[in-house]
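One chain comes next, on its own, written out as structure tokens in the form predicted alone.
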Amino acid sequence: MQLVDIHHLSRSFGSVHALRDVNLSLESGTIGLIGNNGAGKSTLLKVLLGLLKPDSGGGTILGCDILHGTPDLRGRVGYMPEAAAIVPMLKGVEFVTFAGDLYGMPHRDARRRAHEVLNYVGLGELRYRRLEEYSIGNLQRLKLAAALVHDPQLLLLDEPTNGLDPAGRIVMLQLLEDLIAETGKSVFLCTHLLGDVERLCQQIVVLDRGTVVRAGTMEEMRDQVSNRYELSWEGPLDRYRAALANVGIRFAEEQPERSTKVMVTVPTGFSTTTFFEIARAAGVVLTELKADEENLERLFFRVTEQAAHAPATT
């Protein structure tokens, strides 16, 4: 069973197209949903949860129809919204218990689990403190506890490190990393902070202006730049560059012409030993040779730029 399987999903708010013909099929695991602010990330999560109805299209999440399966889905998915969503005057344990009630748990079980998950996220000593007295970091952990109270199969986390200072962000990421390792739960992480996704997620979905422009694992997406290398050398600049160009090696456009440290793209079937052979013939010494391992930030800008310049489809 696919974790998420949706087809031709669209959703607008007046003249604003938040989602445009989204098609997405994902396996269980940890998934990072990334995109600029306004890309449609939060809208997609809310449609998957049944909190918003799509204008067109449909699909399933955990096998439940997103149009009609909300009651069945409620007990299997935990949702951590971006907004604080606190209820003034409630205490921490009361808030998490209330979340358990909403997820369909018997009240006594919800109360017991509330104490357990508050201890798990490090808020055991604050369980009887009123929510308006919580710091931003503690509110984020409280929302995570509320999403975990019914022990869901899938967690949908919308900007879980939003508003946190560097220390608080580290604490939250470590908590999520431990949770994933210990429980094996599937996690859908929605964020514009690419470092969070790179640390936690196996699969990536890139959303741009309401459209999925790429989805898959980092390894699958990096395959497109597996023929790129970074070179540095000592010796004559122009002679080595010219010799490389003569065998079909292309230089990245952003690289300055007067530099002995460059990024190059090699032709199919190229052997890295050729770099050394050409260097020896050109009278230079290679000081660095490494394959280009594209990080998520560079990958994101590459695929969104490609999408922006792709011809429009009808």
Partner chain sequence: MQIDQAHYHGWNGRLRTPWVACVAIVRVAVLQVFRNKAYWLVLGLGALRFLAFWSIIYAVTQLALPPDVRRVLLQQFGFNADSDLAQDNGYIGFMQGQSVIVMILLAFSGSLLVGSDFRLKSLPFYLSRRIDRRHYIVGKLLAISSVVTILTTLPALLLFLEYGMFTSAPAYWVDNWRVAVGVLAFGMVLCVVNSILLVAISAYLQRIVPITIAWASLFLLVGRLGDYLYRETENDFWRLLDPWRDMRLVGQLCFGTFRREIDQDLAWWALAILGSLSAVALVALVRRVRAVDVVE
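Nothing here was measured: the structure is a model prediction, and the numbers come from that model. Residue numbers count along the first chain shown, from 1.
The same protein also has a form predicted in complex with its partner chain, omitted here; what follows describes it.
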property	result
Its partner chain contact at residue 89 in the predicted complex, heavy atom, 4.5 Å	yes
Partner proximity in the predicted complex: residue 301 to its partner chain, non-hydrogen atom cutoff 4.5 Å	no
Any non-hydrogen atom of residue 51 within 4.5 angstroms of its partner chain in the predicted complex	yes
4.5 Å heavy atom contact, residue 46 to its partner chain in the predicted complex	yes
Contacting member of 163, 216, 122, 195, with respect to its partner chain in the predicted complex [4.5 Å, heavy atom]	122
Of 130, 239, 228, 209, the one that lies within 4.5 Å of its partner chain in the predicted complex (heavy atoms)	130
Partner-proximal stretch of 168 to 176, 228 to 236, 186 to 194, 200 to 208 relative to its partner chain in the predicted complex, 4.5 angstroms, heavy atom	168 to 176
Any residue of 11 to 31 that, in the predicted complex, places a heavy atom within 4.5 Å of its partner chain	11, 13
